[in-house]
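The chain that follows stands alone, in the form predicted alone, written as structure tokens.
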């Protein structure tokens, strides 16, 4: 009930009075990773940043004071984050102590994460079998399957980012997620053409075709987190951006909006949460229900 009251108050202040306070925080705790994925350039950094426990705590308190109540810990890879004897679960416990309603981790699932203190877990899945390994490397899919099966978490979901390498595998990946008893749902996003990865981004016509395919799967009852209304907006990317809903904190300590905000790539943004938030502010019932299911 406390969460619902806060969400209602936050929404009314934002929608009716134009108050731009963040609701959620994406906190990148480290640049360090254990993979060399084709869509990512983080592993190429010569001096990767790695936040300390104290620095994470400081950022969490700032975000909470600004209005954020949900936090997603990301990397790099969160399961390899260390600060002395502190591990990712210590950061989750800290966020809860500060007052965050829920904590999420996003992982590549190459290391065990059974017993995680997170309220929800998102595993990056680029396709079933060879499609995943084409992007993330040989052996990565088998390790992912093993650690998902061993996890035992009630709210484990997978996120697929569609690009030119896995675009033909979307329906099969949705089918795979639906048949895996350890997976609650799947989220679909599209590759955003950050510098050096432009060749992986789909053209808008192909994106629209795939979105229609995803919508058809959702209408048939497949466990897809995206709402139909939010997906339809992502077909053209022609909607009012509300990126301020998310407070981004980067490993070097900088804070602000999405790294692509205000650049030419906004028109080709593939983060489907942008469409979801726009749809929420348009009072689309299916998106509101999807958001409540995700956060409450």
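Numbering follows the first chain given and starts at 1. On a predicted model such as this, the values are computed, not experimentally measured, just so you know.
One more form of this protein should be noted, the form predicted together with a small molecule, which is absent from this view; the next part is about it.
In short, of 159-167, 88-96, 205-213, 145-153 it is 159-167 that has heavy atoms within 4.5 Å of the small molecule in the predicted bound form. For the candidate spot formed by 19, 245 and 276, no residue has a non-hydrogen atom within 4.5 angstroms of the small molecule in the predicted bound form. Mapping the unseen interface onto this chain, residue 271 counts among the residues with a heavy atom inside 4.5 Å of the small molecule in the predicted bound form. Contact between residue 194 and the small molecule in the predicted bound form is found at the 4.5 Å heavy atom cutoff. Proximity of residue 173 to the small molecule in the predicted bound form: non-hydrogen atoms within 4.5 Å are absent; the residue sits far from the partner. Although the partner is absent here, residue 74 sits close enough that one of its heavy atoms falls within 4.5 Å of the small molecule in the predicted bound form. Site annotation in the predicted bound form: the residue of 124, 102, 116, 180 reaching within 4.5 Å of the small molecule with a heavy atom is 124. A heavy atom within 4.5 Å of the small molecule in the predicted bound form is found for exactly one of 40, 259, 266, 66: 40.
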